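Listed next as C-alpha cells is one chain, alone, in the form predicted alone.
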Amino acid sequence: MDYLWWHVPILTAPMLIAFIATVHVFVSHYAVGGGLFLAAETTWAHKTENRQYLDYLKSHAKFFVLLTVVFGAITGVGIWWVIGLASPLATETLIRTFVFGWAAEWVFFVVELTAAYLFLSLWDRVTPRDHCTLGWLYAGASVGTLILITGITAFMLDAGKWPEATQAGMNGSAFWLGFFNPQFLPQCVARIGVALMMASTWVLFHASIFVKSEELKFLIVRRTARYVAAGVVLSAIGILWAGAILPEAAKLSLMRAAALNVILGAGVIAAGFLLFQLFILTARPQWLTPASGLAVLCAAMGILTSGEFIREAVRKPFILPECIYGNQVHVSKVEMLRQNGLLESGVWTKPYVTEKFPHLVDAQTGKLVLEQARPEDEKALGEIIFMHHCGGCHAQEFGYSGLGFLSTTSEKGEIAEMLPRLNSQIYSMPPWCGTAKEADLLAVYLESIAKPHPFQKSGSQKSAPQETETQKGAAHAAN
C-alpha cells in the first residue's frame, strides 16, 4: 500500500488500460506487420519494375506512417501514463526488472522512426536498392521492438524461474530468467502472425477505398492474401502452443469462466470468417469494396481483441505472477497487513484516516484504534478499504464487475464471514489483506450497496415449501 489509488468510476482503471491498450495493439501490430509487408512488396515491385504497384505502395506508406508513427506513438505513451496511475507498484517492478530491455526497445524504436521517415521521404530520390534497404531496416527494427515487448508481456503471464531467482538474490540473472520465460517463444510466434494478419487486412481496407483500377485491385488482393493466410496460421500455432503450456491456474481460470469461453469462441468464429472472406476475395477480387474491406479488418481486430482479453483475464489474482496481486499488494506484505491493518500500514491511508477520523487515533501510540469507530463512521471507513483493496478490479455499485450486484447475499454477516477466506472461496481473488475489524468495516460498506436478494423478503429468505403428507408417504415407500 505504498501508492495512492487512482479511482476511475464505473469503468475502473484496469478497463481503461484495456481500452487504450487494445486500440494501441491494433496499430502497433500493424506497424510491425506493415513494415514486413512494405519491405517485401516494395522489393518485389522494384524488381519487377511495376510502377503502378509502387505508386500504390507509396500512397499506402503515407497512410501507414501517419497511423503508426503518430497515432501509435500517442497511444503508446497513453498506456505508460495510465498504467503508472492504475498499477504503480507493478509498473515500478517491471521498470526495475527490465530496465535493460526497455532501453534496448527505445533504441530499436528510434531506429524504427528514423527508417520509416527516410523510407517515405526518399521514396523516389534514392536508388531502388537503397530504398529497399531502408524498408528492411524499418522492418527489422519493428520486429525487434515486438520481440522485446513480447518478452515482458509474456513474463506477466508466466514468470518462469524469475521469482525463485529474485528471492535467492540472483539479481544478475533475474532479467534473463524473466525475459526468456516459458511463454516467450510461443507468444512471439503468435504476435508475428497477428502482425502479418493485421497489416494485410489494413492494406485490404485501405485499397478498398482508394484503389479504383480493377487490375491493380486484383494484384493487391492476390498478393495480400498470402500474408493474411500466413498470419492466421502463425497466430494459430503460437496461440495453441502458448495455451498448451499455460500455468495451471491460468488453464483453470480459462476453463471455469463462461465469459472467457464465449470470448474464445468469438475469436475462433472471427478467424473462420476472416478465412472465408479471404477465399471469396481471392476468387473475386472485384468484390473488394469498403464494406468487405472493413469486414476483414474488423475480423482481424476481433481475433486480436479476444486473445488480449483472455491473456489479461487468466493472470488473476496476480498482476505480476507470484509477486504482486491485483490489489497492488506484494505477496510478502500480506501477513504484515493482516497483523497491522491495511489502514494503519498504508502510506496514504493512515494520514487520510487520521485527518478525517481523529478520534480513532490513540493519543499515546499514534496508532489507529478502529474498534472505537462510531456506527456512523463504519460505512465511510469501509469505503476507504474498498478503494484500496477492491477498487483496482471492481466498480462500486454500478459498472464493470460492480460489487453492488456481486455482493447480493441472503443474510447479513455473510460478506464479513467470506472476506477472510477470500482467495479460498474464489481462487482468482487476492487474499484478504487486513485485520478482522477491517473485514467487518468493508462488509458494512458492501452490504450498504448490495442489491436486494431476489428471493428475500423483509430481511429473510422465503421459507421452503412444506412437504405434503402424500410426498412423505411416497418417500417412505421408496425407502
Partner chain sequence: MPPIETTALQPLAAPLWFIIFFRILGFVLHALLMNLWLVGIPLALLMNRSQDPNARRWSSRLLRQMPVFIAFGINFGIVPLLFIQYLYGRTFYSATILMAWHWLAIIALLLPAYYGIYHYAFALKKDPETIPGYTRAAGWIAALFFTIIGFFFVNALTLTAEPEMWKSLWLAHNSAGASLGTGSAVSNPEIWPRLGMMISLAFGTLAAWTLCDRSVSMSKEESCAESENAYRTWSARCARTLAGVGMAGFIACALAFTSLLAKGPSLDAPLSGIANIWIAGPVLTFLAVLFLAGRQGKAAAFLTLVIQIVSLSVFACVRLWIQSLQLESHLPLSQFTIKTDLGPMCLFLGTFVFGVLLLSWMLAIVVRNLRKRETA
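Not measured: the values here are computed from a predicted model. Residue numbers count along the first chain shown, from 1.
FYI, the form predicted together with its partner chain isn't displayed, but the following is about it.
The putative spot formed by F218, L260 and T305 is not touched by its partner chain in the predicted bound form; no residue has a non-hydrogen atom within 4.5 angstroms of it. Partner contacts here mean any heavy atom within 4.5 Å of its partner chain in the predicted bound form, and among 149-157, 296-304, 361-369, 131-139 they occur only in 131-139. In the predicted bound form, its partner chain sits beyond 4.5 Å of every heavy atom of V232. Taking the partner from elsewhere, A174 is found to have a heavy atom lying within 4.5 Å of its partner chain in the predicted bound form.
Using a 4.5 angstroms limit between non-hydrogen atoms, P88 touches its partner chain in the predicted bound form. Contact check for G84: a non-hydrogen atom falls within 4.5 Å of its partner chain in the predicted bound form. Scanning A61, I449, V69, L422 against its partner chain in the predicted bound form with a 4.5 Å heavy atom cut-off leaves one residue, V69. Contact annotation: of the candidates G243, P163, G78, P317, the single residue with a non-hydrogen atom within 4.5 angstroms of its partner chain in the predicted bound form is G78.
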